[in-house]
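Laid out below as structure tokens are two forms of one and the same protein chain, each shown alone and named structure 1 and structure 2.
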Structure 1
């Protein structure tokens, strides 16, 4: 198809190209742009899968709006995406803009103001669906165009190295016997709080929730003995796991990790707790864009997900390669929202 055809021709030139697009090498860049445009229109005409007919391409530089401060998970995602788009489409300029605030609400509100403008993308995750459920925001996820899901992040339950709890049933058992287990959570509506809520519903138990601002504070409290257990993303705690300061007890997903050291961590389901809830990472575009514009972005992101830089991004951040194209992503988000309303609403 169209994507595969372009995908084959571009990577060979793309390395040299990226260096030369900067300034003096305008001629080759321009030449490629023409070739690319020709290729696009040519293919669009000949393939049936093109859909709505006219192909679209960005007319201006594209902005990736990161709704959190630099350095966080969404920022890392946004920057990897920007690089990925530039690799997949060497002739377009991508800039990353951080618009942090309101647990992400400010960034999404900004995207809301760019309705029908296909030059804005947002690296989205659970907050994009969860925030409107708990807070009065002027938008919900359905005001935007879900382009594609590119990965999922998983919650691990960890305990300090000298904790009496060896497995998940020890923790749940202690709670059922009327004991108190303090769990550290980052924010009251984050992924970890959602998973904890689902676990409480599933097992009919109640944790003592202690809420912190960030994963770092939680790790500090966990090692310092102020909390008994914590629910964290692997990337937040892998350093401490490798050093043996904390022990992972369960992973809340359908399957285990494939690589060491997390491959030995059993899923919650294996341990009799029926909770599997992951955090999606996906790309949203502004709302009300045309089918052709949406298709262009889906194709671009898909191309990135077939590249080595994508695999590196996943490996560095302990993400899982779960991809959902537009249609599936929308269905998934609908179910996701319903589930969140059950826990948080």
Structure 2
């Protein structure tokens, strides 16, 4: 299964030589996005900070660019990352900016306009690799600098508390009978859309898709009865699950969660749906930064992953502690892209 191929844990190693992520012979795609991002934000690109010396530190406040609206898993990650950086580097001021739109494309295009400026980071996940596979974006993930993967996330299928669907096969049965089951998705290329597509392929069914800007909007629509099901990360909906406002009916992973309140949720495979897919959560910096700048951010993020606040972030959001430093993260992303091309291309 795709999830098994991509979910293999690679041991954490020390910071190594920067691996190139540029496509041989490719034109600098970032140049095509500068005008777009500048027009969206009302400002142009920034001058790079730092040089090619042996050491580098931020010269001004750092911006975490969240490419989705507040309330979703990427927003939760971005704010945890900002707090973690300030803990690891007390002298740094970090701000979070949400730049939603285009299923994440607006935020990544903004980061593209900051080429060679190490003061901008983005909390990246599946959309960062999947969007260019299905959409004519002026960038791919290789136009940025992968800093480090810090965790793995999975998808839950969730229904309203009073839904007639008690288990995954109830949903499948309704779809096979031609029922118009509405599923909420945050864009066309996120983890939720990929899992939905894999389920449709595996079962020979078709959902009625309703697109939102973020997981937070999907949760509200689910509670309000505007959609019938949703594919969400635990971080996006765990509060509503604990409050009894929604019910999880399946987890799309190789194994169940170990901790309440998700420990009794069966996997999709246990219920006859052969889909298991995980997404990475990692940090990208702007492209074309120096080795010293990239190494600084890798070490900073690594320090965070050794802290109590990182452990709390994982625990609160039911994430799995999969860490891949820069070089291994690049290798992983190349394989991830190839596999997504097979699913989405």
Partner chain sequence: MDGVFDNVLLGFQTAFSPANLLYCFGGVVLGTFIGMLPGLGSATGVALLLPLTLTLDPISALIMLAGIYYGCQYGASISSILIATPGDSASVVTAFDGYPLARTGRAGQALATSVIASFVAGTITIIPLMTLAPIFSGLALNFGPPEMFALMVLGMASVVGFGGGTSQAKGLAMAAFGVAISTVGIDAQTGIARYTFGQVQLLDGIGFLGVVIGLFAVAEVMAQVGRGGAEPIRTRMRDMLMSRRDLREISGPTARGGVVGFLVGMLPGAGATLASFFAYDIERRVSKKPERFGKGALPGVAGPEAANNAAANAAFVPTLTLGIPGSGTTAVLLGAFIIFGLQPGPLFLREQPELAWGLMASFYLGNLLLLAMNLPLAPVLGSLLRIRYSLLYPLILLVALIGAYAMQNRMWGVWLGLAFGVIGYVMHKYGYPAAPLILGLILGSLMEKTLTQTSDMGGGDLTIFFNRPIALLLFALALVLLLAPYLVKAVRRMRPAPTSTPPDGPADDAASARSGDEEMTTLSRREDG
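As the structure is a prediction and not an experimental result, all values here were calculated from the model. In this text, rigid core is short for the largest set of C-alphas that superpose within 1.5 Å between two forms. Residue numbers count along the first chain shown, from 1.
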> Which number goes with the form predicted together with its partner chain?
Replying inline: 1
>> Following rigid core alignment, is the displacement of the residue 177 C-alpha between structure 1 and structure 2 equal to or greater than 2 angstroms?
In response: yes
> Against the rigid core, is the Cα displacement of residue 269 between structure 1 and structure 2 at least 2 Å?
Replying inline: yes
> Once the larger rigid part is superposed on C-alpha atoms, how many degrees is the smaller one rotated between structure 1 and structure 2?
Replying inline: 26
> With both forms put on the same core, how far apart in Å are the CA positions of residue 212 between structure 1 and structure 2?
Replying inline: 8.3
> Where the rigid core has been superposed, how far does the Cα of residue 240 end up moving between structure 1 and structure 2, given in Å?
Replying inline: 7.8
